[in-house]
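First, one chain by itself: the form predicted on its own, in structure tokens.
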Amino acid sequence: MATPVTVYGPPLSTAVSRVLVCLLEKDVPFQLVPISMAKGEHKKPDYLKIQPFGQVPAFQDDEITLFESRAICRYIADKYPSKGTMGLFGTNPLVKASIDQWLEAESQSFNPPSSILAFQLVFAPRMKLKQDKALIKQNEAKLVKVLDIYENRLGESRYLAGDEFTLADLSHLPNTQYLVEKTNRAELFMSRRNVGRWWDEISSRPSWKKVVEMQNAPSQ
């Protein structure tokens, strides 16, 4: 039996949860090794050997070590094309380019404001840190502009890269989950008919429900 791949990091991390949902979509067995960032485990020498930037996740597949969640997801989808959800990263160069295009949009345009909002609105209160109201307002305005573009796109196709669920959609799950379910900013998504329909659909996938269960487990 093949050795399961290993993911290092806590499920509550948006980057870790991105990798976990990809593995579940592809039906790839994995071992999860929680890394306590509060205890500084991500800065220990042994961990830095597999993740030199001291961040999560880190990923191992036999002798291969990877970091950066989107790169890991691309690798998983390419290595296991016939397992689980087909076409997660496309089946021809044109489809792959379309998926990559929206993955870049997520990384460059959606992720920065949504990550800041998730931290300020969800994690800062948990960490007893003062919220930066000006920063929240600034990034909410940035996110609105991105979601307006998404609303138009999702009026043309079922998913961002076409009519099939792909990494382009999957990559949005972690941050959006926090903003829709853990803040009072859900209307940013749900007030837009196409974005709301898209979110309801992608967040209802069994793979993501499993990740949310892992995030809500008592040990977290």
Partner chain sequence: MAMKLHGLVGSNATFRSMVALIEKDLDFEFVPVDFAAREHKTPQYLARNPFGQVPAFEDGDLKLFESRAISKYVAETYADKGTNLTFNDSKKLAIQTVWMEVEGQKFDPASAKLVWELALKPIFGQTTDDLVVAEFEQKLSQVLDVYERRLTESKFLGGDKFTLADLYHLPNIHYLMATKAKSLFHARPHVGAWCEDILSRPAWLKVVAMLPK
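Just so it is clear, the structure is predicted and the values come from calculations on it, not from any experiment. Positions refer to the first chain, counted from 1.
Beyond the structure shown, there is the form predicted in complex with its partner chain, which is absent from this document and is the topic of what follows.
J.: Residues in which of 179-187, 161-169, 24-32, 64-72 have heavy atoms within 4.5 Å of its partner chain in the predicted bound form?
T.: One stretch meets the cut-off, namely 64-72.
J.: Identify, from the list Ala134, Leu129, Met86, Ala97, the residue with a heavy atom within 4.5 Å of its partner chain in the predicted bound form.
T.: By the 4.5 Å heavy-atom cutoff, the listed residue in contact is Ala97.
J.: Under a 4.5 Å heavy atom criterion, is Phe119 part of the interface with its partner chain in the predicted bound form?
T.: The answer is no: Phe119 has no heavy atom within 4.5 Å of its partner chain.
J.: Are any of the heavy atoms in Asn111 no more than 4.5 Å from a heavy atom of its partner chain in the predicted bound form?
T.: Flag for Asn111 set to yes.
J.: Answer yes if any heavy atom of Ala124 is within 4.5 Å of a heavy atom of its partner chain in the predicted bound form; otherwise answer no.
T.: Answer no; every heavy atom of Ala124 is more than 4.5 Å from its partner chain in the predicted bound form.
J.: Taking any heavy atom pair closer than or equal to 4.5 Å as contact, tell me whether Thr91 reaches its partner chain in the predicted bound form.
T.: No, Thr91 is distant from the partner.
J.: Three residues, Pro52, Ser107 and Tyr150; all within 4.5 Å of its partner chain in the predicted bound form via heavy atoms?
T.: Every residue of the spot touches its partner chain in the predicted bound form.
J.: Going through 112-145 from first to last, which residues have a non-hydrogen atom within 4.5 Å of its partner chain in the predicted bound form?
T.: Contacts from 112-145: none.
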